[in-house]
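Take a look at this single chain, the form predicted on its own, given in structure tokens.
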């Protein structure tokens, strides 16, 4: 197999608690990740030179900042691989939306090239590389719905019931760095005691994002007509949960024209892993 495509799926944070700030600037947090069967599309083609070429919907990102390129170079150096790759991206997920687009792209790149280059690294080895690219990358490498702690790298797999989500992206781009460095961010939520399902759960980033980005607050308010609304990650995407595709589709069809959105069902195993397992 010298060429194949892989999904880089969206994730949702079903809650996000920030427990404190570490001396290195990272935050201690607790969050629940689920994957959606929807995301960016990446195609990987083996090359006989060591060059890494990234094409497609990446023109507005300098190569040195491109997480796909950085992931490929990181794996290449770590394994001393003599191969290279052409990687084409079809970008579906919004940037700055809190659905993990960049982290998911990086994780799918590590997973795909580990197979394409026959590096034979374990998932835990790939996750240790991935955390250098971003705190969310390990959960995509792990590929299972999970309760995450630490900076997001300590994962406990969980089984969640499959749901349908309508995810709405208002016309706002939220900088994760800006939110996590902001003095007004809530950073003192006590750590969970007992099972998370028996707790009051929230997204600690939401009050600050609503203050800085009025469009996010409008989105959350608008979605309340249909179901309890939540924000994922550091925003700006907001979502509502349903038991059926029809209910989610109804919200999408009524979306104000200045917002984008999509519907998708949640899955306990990342579609990237399902696809990768089918490649021989």
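The model shown is predicted, which means the values in this text are computed figures rather than measured ones. Residue numbers count along the first chain shown, from 1.
Heads up, the form predicted in complex with a small molecule isn't pictured, but that's what we're talking about next.
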Notebook entry, point to check: If you check 201, 95, 92, 73 against the small molecule in the predicted bound form, which one has a heavy atom within 4.5 Å?
Noted result: 95
Next item on the list: Could you check which residue among 36, 231, 68, 248 gets a heavy atom within 4.5 Å of the small molecule in the predicted bound form?
Entry: 68
Notebook entry, point to check: Out of the stretches listed (114-122, 80-88, 170-178, 156-164), which one is close to the small molecule in the predicted bound form, meaning heavy atoms within 4.5 Å?
Noted result: 170-178
Margin query: My question is simply whether residue 99 lines the interface with the small molecule in the predicted bound form - judged by any non-hydrogen atom within 4.5 Å.
Written below: yes
Check: Can any non-hydrogen atom of residue 252 be found within 4.5 angstroms of the small molecule in the predicted bound form?
Finding: no
Note to self: Under a 4.5 Å heavy atom criterion, is residue 61 part of the interface with the small molecule in the predicted bound form?
What the structure shows: yes
